[in-house]
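Shown below, as structure tokens, is a lone chain in the form predicted alone; questions about how it binds or moves come after it.
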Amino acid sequence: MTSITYGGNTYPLDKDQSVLDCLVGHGAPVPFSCRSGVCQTCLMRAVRGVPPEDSQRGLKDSLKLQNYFLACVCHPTNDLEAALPQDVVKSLPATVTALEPLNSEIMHVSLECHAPLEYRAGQFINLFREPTLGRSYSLASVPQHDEHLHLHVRRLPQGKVSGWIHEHLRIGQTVEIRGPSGDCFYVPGRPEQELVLIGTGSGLAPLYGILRDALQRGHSGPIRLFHGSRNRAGLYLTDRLRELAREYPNFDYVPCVSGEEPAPGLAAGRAHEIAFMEIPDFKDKRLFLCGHPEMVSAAKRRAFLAGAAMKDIYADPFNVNAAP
């Protein structure tokens, strides 16, 4: 008989019984709504065992790759151990190995984990100043290429964690991190598909990781990166990105400024608006959106109306209203 382990308890699955029905029948606390695999409220992750393909129907490729499944339509033929998405994240210490300003607002932070951490470029971790005071930062590093974790931390006004990182964090200091989380990352496959990356501010961090990951994995289709800031001083890594554009013929980099007259080599306007002017049709394209939540929301809607499939839109909106 097949069994499901959840919350430290193991339950036998009756014939043709879904994981959700089994857990609910035993009083296990799991969220659910439609029971038909549409709303995705019952999303879970297999931490041991492989969920059947039918239970992953409709999920993004990045979620499938992490063994996520929908409990209401999951009928496993082998034993599974499952957890809710927020319960999979682990905590570990990491040592600061480098601190480097990338511009007047953004600090590059390099972290060496004290234990192996499996992650994908573009995911995020939580970095803690105190046990109950932490913030989320996206990973710009690529695990197959970079020895340590790389973050781009933008300092915000009254930022309790970002301000501390910019002013008080020191090389050699040990911090607590938790993660990784998030499904905004490159998934191998469809190497000829066009990739469009749009970001603002430190939203370049996950895009920089995703870009390098895709290039190193041999993605052959066009890759276009639009990075925006109000002024030229807000841009960063421009020289390195231009080097990559020269090295890889299928990569095109467009730095954008919206609040001042652009210097030569810069585009005038907001990054997402320039992207949609240059690429009016998003059918069969894969889109990554990172940065200001208003930009992410507007670009997601516009891309869908321009033909993009929702499964091909990956978004990582940054919380700019709270004081990180």
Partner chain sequence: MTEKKLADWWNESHGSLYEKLGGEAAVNAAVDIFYRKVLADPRINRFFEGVDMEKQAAKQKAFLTMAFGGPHNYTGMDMRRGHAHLVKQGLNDVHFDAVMEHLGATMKELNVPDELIAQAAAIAESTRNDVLGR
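Source: prediction; values computed, not measured. Numbering follows the first chain given and starts at 1.
Another form exists, predicted in complex with its partner chain; not displayed. Remarks below refer to it.
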(message) Just to be sure I understand the contacts: of 268, 263, 277, 34, which is the one whose heavy atoms reach within 4.5 angstroms of its partner chain in the predicted complex?
(response) 34
(request) Tell me, please, which stretch of 45 to 53, 295 to 303, 255 to 263, 23 to 31 lies within 4.5 angstroms of its partner chain in the predicted complex when heavy atoms are compared? (result) 295 to 303
(message) Taking its partner chain as it sits in the predicted complex, is residue 13 in contact with it (heavy atom to heavy atom, 4.5 Å or less)?
(response) no
(message) Within 4.5 Å, heavy atoms only: does residue 67 come near its partner chain in the predicted complex?
(response) no
(request) Note that its partner chain is not shown here; using its position in the predicted complex, name the residues of 35 to 56 with a heavy atom within 4.5 Å of it, in sequence order. (result) 35, 36, 38, 39, 40
